[in-house]
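Read the single chain below, which is given as C-alpha coordinates and is the form predicted alone.
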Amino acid sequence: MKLGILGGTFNPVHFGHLRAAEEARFRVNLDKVIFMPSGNPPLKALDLIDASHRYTMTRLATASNVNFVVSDIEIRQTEKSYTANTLQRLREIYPEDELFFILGIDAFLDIPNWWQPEALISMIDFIVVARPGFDLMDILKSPYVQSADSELNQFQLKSGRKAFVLQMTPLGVSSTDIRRLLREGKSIKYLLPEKVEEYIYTHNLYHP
(Lines give C-alpha, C1' and ligand atoms only; values in the text may rest on other atoms or scores of the structure.)
Protein backbone atom coordinates (compact mmCIF):
# COMPACT_ATOMS: atom_id res chain seq x y z
CA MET A 1 0.00 0.00 0.00
CA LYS A 2 0.94 3.66 -0.36
CA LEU A 3 0.75 5.29 3.07
CA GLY A 4 0.99 8.99 3.89
CA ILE A 5 2.41 9.95 7.30
CA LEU A 6 1.11 13.25 8.69
CA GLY A 7 2.79 14.21 11.93
CA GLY A 8 2.11 17.24 14.09
CA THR A 9 1.09 18.44 17.50
CA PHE A 10 -2.57 18.73 16.36
CA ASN A 11 -3.03 21.26 19.14
CA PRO A 12 -5.92 21.12 18.29
CA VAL A 13 -6.60 19.27 15.05
CA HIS A 14 -8.75 21.31 12.61
CA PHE A 15 -10.20 21.30 9.10
CA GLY A 16 -6.93 22.54 7.60
CA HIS A 17 -5.18 19.34 8.73
CA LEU A 18 -8.01 17.17 7.49
CA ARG A 19 -8.27 18.85 4.10
CA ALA A 20 -4.50 18.70 3.53
CA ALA A 21 -4.52 14.98 4.33
CA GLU A 22 -7.46 14.34 2.00
CA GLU A 23 -5.98 16.30 -0.89
CA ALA A 24 -2.60 14.56 -0.47
CA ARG A 25 -4.34 11.18 -0.41
CA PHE A 26 -6.30 11.90 -3.57
CA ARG A 27 -3.58 13.61 -5.60
CA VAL A 28 -0.77 11.14 -4.85
CA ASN A 29 -3.14 8.17 -4.87
CA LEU A 30 -2.46 7.11 -1.30
CA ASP A 31 -4.33 4.18 0.21
CA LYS A 32 -4.30 5.59 3.75
CA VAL A 33 -3.10 8.64 5.65
CA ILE A 34 -1.71 7.98 9.13
CA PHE A 35 -2.11 10.90 11.54
CA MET A 36 0.70 10.84 14.08
CA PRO A 37 0.21 13.21 17.06
CA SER A 38 3.51 14.12 18.66
CA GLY A 39 4.28 13.09 22.20
CA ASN A 40 7.09 15.18 23.62
CA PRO A 41 8.51 17.17 20.68
CA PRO A 42 12.02 18.60 21.23
CA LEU A 43 11.19 22.11 19.97
CA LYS A 44 7.52 22.85 20.74
CA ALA A 45 6.25 23.19 24.27
CA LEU A 46 4.32 26.47 24.63
CA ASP A 47 0.54 26.01 24.97
CA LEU A 48 0.92 22.30 24.24
CA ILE A 49 -1.75 20.27 26.04
CA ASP A 50 -1.33 16.67 27.15
CA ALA A 51 -0.73 14.18 24.34
CA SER A 52 -3.69 12.03 25.42
CA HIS A 53 -6.09 14.91 24.68
CA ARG A 54 -4.50 15.63 21.30
CA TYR A 55 -4.62 11.95 20.37
CA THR A 56 -8.29 11.64 21.35
CA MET A 57 -9.26 14.78 19.43
CA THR A 58 -7.47 13.47 16.33
CA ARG A 59 -9.34 10.18 16.65
CA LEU A 60 -12.64 12.07 16.88
CA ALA A 61 -11.77 14.26 13.89
CA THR A 62 -10.82 11.37 11.59
CA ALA A 63 -13.43 8.79 12.65
CA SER A 64 -15.72 9.44 9.68
CA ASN A 65 -13.01 8.84 7.05
CA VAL A 66 -12.13 5.17 6.47
CA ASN A 67 -8.93 6.25 4.72
CA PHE A 68 -7.57 7.97 7.85
CA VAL A 69 -5.75 6.16 10.66
CA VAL A 70 -4.38 7.60 13.92
CA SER A 71 -1.16 6.25 15.39
CA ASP A 72 -0.10 6.53 19.03
CA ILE A 73 3.51 5.58 18.26
CA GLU A 74 4.88 8.93 19.43
CA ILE A 75 2.65 9.60 22.40
CA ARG A 76 3.67 6.24 23.92
CA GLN A 77 7.28 7.38 24.10
CA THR A 78 8.70 8.75 27.32
CA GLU A 79 11.79 10.26 25.70
CA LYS A 80 11.84 13.16 23.27
CA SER A 81 10.42 12.19 19.88
CA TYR A 82 12.61 12.76 16.84
CA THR A 83 11.16 12.36 13.35
CA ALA A 84 14.03 10.22 12.04
CA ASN A 85 13.55 7.68 14.84
CA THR A 86 9.77 7.61 14.43
CA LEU A 87 9.94 7.09 10.66
CA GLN A 88 12.45 4.29 11.15
CA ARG A 89 10.00 2.55 13.50
CA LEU A 90 7.18 3.03 10.99
CA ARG A 91 9.41 1.52 8.31
CA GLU A 92 9.76 -1.56 10.54
CA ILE A 93 5.99 -1.71 11.16
CA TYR A 94 5.13 -1.36 7.45
CA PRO A 95 8.08 -3.07 5.71
CA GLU A 96 6.17 -3.90 2.53
CA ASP A 97 4.46 -0.52 2.08
CA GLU A 98 5.50 2.66 0.30
CA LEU A 99 5.68 5.53 2.81
CA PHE A 100 5.33 9.26 2.16
CA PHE A 101 6.02 11.90 4.81
CA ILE A 102 3.55 14.80 4.51
CA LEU A 103 4.78 18.19 5.76
CA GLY A 104 4.65 21.90 4.96
CA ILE A 105 7.20 23.46 2.65
CA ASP A 106 8.48 25.60 5.53
CA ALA A 107 9.16 22.46 7.56
CA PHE A 108 10.82 20.73 4.59
CA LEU A 109 13.18 23.67 4.10
CA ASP A 110 14.02 23.51 7.80
CA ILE A 111 15.08 19.83 7.70
CA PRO A 112 18.82 20.71 7.77
CA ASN A 113 18.20 21.88 11.36
CA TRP A 114 16.46 18.64 12.40
CA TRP A 115 18.06 15.71 14.19
CA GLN A 116 19.91 13.41 11.75
CA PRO A 117 18.63 15.17 8.60
CA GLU A 118 20.75 13.10 6.21
CA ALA A 119 19.23 9.87 7.52
CA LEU A 120 15.73 11.34 7.39
CA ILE A 121 16.01 12.53 3.80
CA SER A 122 17.20 9.11 2.63
CA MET A 123 14.61 6.87 4.31
CA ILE A 124 11.30 8.13 2.89
CA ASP A 125 9.63 10.00 0.02
CA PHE A 126 7.93 13.34 0.72
CA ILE A 127 4.67 15.11 -0.02
CA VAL A 128 5.40 18.81 0.53
CA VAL A 129 2.45 21.14 1.08
CA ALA A 130 2.87 24.71 -0.13
CA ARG A 131 2.07 27.39 2.45
CA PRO A 132 0.87 30.99 1.98
CA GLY A 133 3.90 33.13 1.22
CA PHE A 134 5.78 30.26 -0.44
CA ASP A 135 6.04 29.35 -4.12
CA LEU A 136 6.16 25.71 -5.20
CA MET A 137 9.64 26.23 -6.65
CA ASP A 138 10.92 27.46 -3.28
CA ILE A 139 11.69 23.80 -2.63
CA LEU A 140 14.77 24.27 -4.84
CA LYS A 141 16.28 26.23 -1.94
CA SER A 142 16.71 22.94 -0.09
CA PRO A 143 20.26 21.53 -0.20
CA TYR A 144 18.72 18.07 -0.60
CA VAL A 145 16.91 18.73 -3.90
CA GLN A 146 18.73 17.66 -7.05
CA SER A 147 16.35 18.34 -9.94
CA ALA A 148 12.78 19.32 -10.74
CA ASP A 149 10.02 18.31 -13.10
CA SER A 150 7.92 21.46 -12.82
CA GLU A 151 5.09 20.09 -14.96
CA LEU A 152 4.50 17.22 -12.53
CA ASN A 153 5.55 19.20 -9.44
CA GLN A 154 7.87 16.28 -8.71
CA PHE A 155 11.38 16.78 -7.41
CA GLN A 156 14.30 14.35 -7.29
CA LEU A 157 16.30 14.38 -4.07
CA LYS A 158 20.04 13.80 -3.90
CA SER A 159 19.37 10.80 -1.66
CA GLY A 160 17.52 9.06 -4.50
CA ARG A 161 14.14 9.76 -2.91
CA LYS A 162 11.50 12.01 -4.42
CA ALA A 163 9.24 14.82 -3.28
CA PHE A 164 5.83 15.83 -4.60
CA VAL A 165 5.00 19.48 -4.00
CA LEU A 166 1.28 20.27 -3.82
CA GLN A 167 -0.62 23.54 -3.73
CA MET A 168 -3.53 22.86 -1.40
CA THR A 169 -6.91 24.55 -1.07
CA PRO A 170 -6.25 27.42 1.37
CA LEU A 171 -8.58 27.34 4.37
CA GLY A 172 -7.02 30.07 6.48
CA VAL A 173 -7.36 28.25 9.81
CA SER A 174 -4.61 27.50 12.30
CA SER A 175 -4.32 25.86 15.70
CA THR A 176 -2.75 29.07 17.01
CA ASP A 177 -5.81 31.10 16.02
CA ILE A 178 -8.17 28.53 17.56
CA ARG A 179 -6.30 28.62 20.88
CA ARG A 180 -6.37 32.43 20.83
CA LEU A 181 -10.12 32.51 20.21
CA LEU A 182 -10.69 30.10 23.09
CA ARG A 183 -8.59 32.21 25.45
CA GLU A 184 -10.64 35.24 24.41
CA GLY A 185 -13.92 33.41 24.96
CA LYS A 186 -14.89 33.61 21.27
CA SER A 187 -16.55 31.03 19.03
CA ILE A 188 -14.49 28.36 17.25
CA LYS A 189 -17.46 26.82 15.44
CA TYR A 190 -16.83 25.74 11.82
CA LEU A 191 -13.03 25.85 12.26
CA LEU A 192 -12.82 22.22 13.37
CA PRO A 193 -15.10 19.16 13.57
CA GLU A 194 -18.04 19.49 15.93
CA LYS A 195 -16.98 16.50 18.03
CA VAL A 196 -13.57 18.10 18.58
CA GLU A 197 -15.23 21.36 19.59
CA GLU A 198 -17.41 19.49 22.09
CA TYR A 199 -14.39 17.68 23.50
CA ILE A 200 -12.50 20.95 24.00
CA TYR A 201 -15.38 22.51 25.95
CA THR A 202 -16.12 19.34 27.93
CA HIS A 203 -12.51 19.15 29.14
CA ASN A 204 -12.06 22.94 29.43
CA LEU A 205 -8.99 22.93 27.19
CA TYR A 206 -6.99 26.03 26.13
CA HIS A 207 -8.77 28.33 28.54
CA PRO A 208 -6.82 30.78 30.76
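None of the values given here were measured: they were computed from a predicted structure. We number the residues from 1 along the sequence you see.
Keep in mind that the form predicted together with ligand ATP is not shown, yet the notes after this line are about it.
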- Item | ligand ATP contact in the predicted bound form: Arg25, any heavy atom under 4.5 Å | no
- Proximity of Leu103 to ligand ATP in the predicted bound form, heavy atoms at 4.5 Å: yes
- Query: Taking heavy atoms only, is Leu90 within 4.5 angstroms of ligand ATP in the predicted bound form?
  - Reply: no
- Task: Examine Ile121 and determine whether its closest non-hydrogen atom to ligand ATP in the predicted bound form is within 4.5 angstroms.
- Result: no
- Message: The chain here is shown without ligand ATP. Which stretch in 56-64, 25-33, 141-149, 164-172 comes within 4.5 angstroms of it in the predicted bound form, by heavy atom distance?
- Response: 164-172
- Task: Kindly confirm or deny that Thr9, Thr176 and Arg179 each have some heavy atom within 4.5 angstroms of ligand ATP in the predicted bound form.
- Result: yes
- Item | in the predicted bound form, the residue from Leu136, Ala107, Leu99, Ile75 that sits within 4.5 Å of ligand ATP by heavy atoms | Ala107
